[in-house]
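Read the single chain below, which is given as structure tokens and is the form predicted on its own.
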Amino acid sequence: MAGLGEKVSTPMITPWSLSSIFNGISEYRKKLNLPNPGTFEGLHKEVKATFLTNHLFDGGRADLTKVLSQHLQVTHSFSMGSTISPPMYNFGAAFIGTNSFLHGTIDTEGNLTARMNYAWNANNVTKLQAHISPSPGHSMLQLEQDYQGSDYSINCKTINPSPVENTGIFILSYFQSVTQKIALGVENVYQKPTPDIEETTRSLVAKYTGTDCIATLQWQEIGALQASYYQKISEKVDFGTELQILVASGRREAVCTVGGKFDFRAATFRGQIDTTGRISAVIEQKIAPGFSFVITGDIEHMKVSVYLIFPSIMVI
């Protein structure tokens, strides 16, 4: 016991002790053998695969893809009859290398889109996306670095960064498995549209992965809540549902969407319905290897509008 007037020395944390703590945590995590939780961006990937977001189109469309070599292919896309856009021709080219992926498209309106992925190793990938448009304010540049650890993932992203004007959007996310089935994550978004305006928002997420089901929950500081549930019924039947709630600035809105995907021997059917009264469906008939015939339909009961979409032909 220290006497009166004597100073009590506190133990110092040395680099050696910090290294021991870090090594102990690493060894404990290895014993848990936790899985990689996937990317933060792909949190609702399985549910979105059952929806029609990337499958609906307006008018008639034809896509023809030609494989020129093992690494190079080109695509010709034609569209017409749309009620919201003029007839369009789109030319695309893709290069698929061992560690890299390059893809670019250009249309008759002069819109140029490019995408590049380069894998430094199995866990570290650099991504670049660019869109150049003749319309002012529609051009975009996005840089991204994605790292996949054994039981976690880290993603850094910036959109339209401008060191000269001191503007841009910067996103940092971290996703960590805490058990064999549960993963938790956080994402911070820093936006600076002008030198005088800046805003920071945060999102918290949780993901549960079962044997044949996945449940996710995402909360944003702006007052938005998004929950999704994916269920694999069989090898050929998938179902997904999503609930979006917005409570901000006096607004009280909620939309629930249910979608299903059915794979048959020579066809795929997708159906979707939501609480706004919108019903959508897509059926893709595989007529021959590399040749598909697609028909989509969309009806909005609340707006009393019906869209019978023309067929699309895809040839590879």
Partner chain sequence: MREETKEKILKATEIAKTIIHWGFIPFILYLGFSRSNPKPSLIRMISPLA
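Residue numbers count along the first chain shown, from 1. No experiment lies behind these values; they were computed from the predicted model shown.
Heads up, the form predicted in complex with the partner chain isn't pictured, but that's what we're talking about next.
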(message) To test your reading of this chain, name the stretch in 179-187, 79-87, 205-213, 95-103 whose heavy atoms come within 4.5 Å of the partner chain in the predicted complex.
(response) 95-103
(request) Please check if Lys66 has a heavy atom lying within 4.5 Å of any heavy atom of the partner chain in the predicted complex. (result) yes
(request) Could you confirm whether Arg115 comes within 4.5 Å of the partner chain in the predicted complex, counting heavy atoms only? (result) yes
(request) Consider Val164 of the chain shown here, and say whether it contacts the partner chain in the predicted complex, taking contact as heavy atoms within 4.5 Å. (result) yes
(message) Under a 4.5 Å heavy atom criterion, is Ser139 part of the interface with the partner chain in the predicted complex?
(response) yes
(message) Is it the case in the predicted complex that Leu143, Cys156 and Pro193 each bring at least one heavy atom within 4.5 Å of the partner chain?
(response) no
(message) Counting any non-hydrogen atom inside 4.5 Å, which residue from Trp120, Phe91, Trp219, Tyr174 sits next to the partner chain in the predicted complex?
(response) Phe91
(request) With the partner chain left out of view, choose which of Ser133, Thr200, Asn124, Gln244 has a non-hydrogen atom within 4.5 angstroms of it in the predicted complex. (result) Ser133
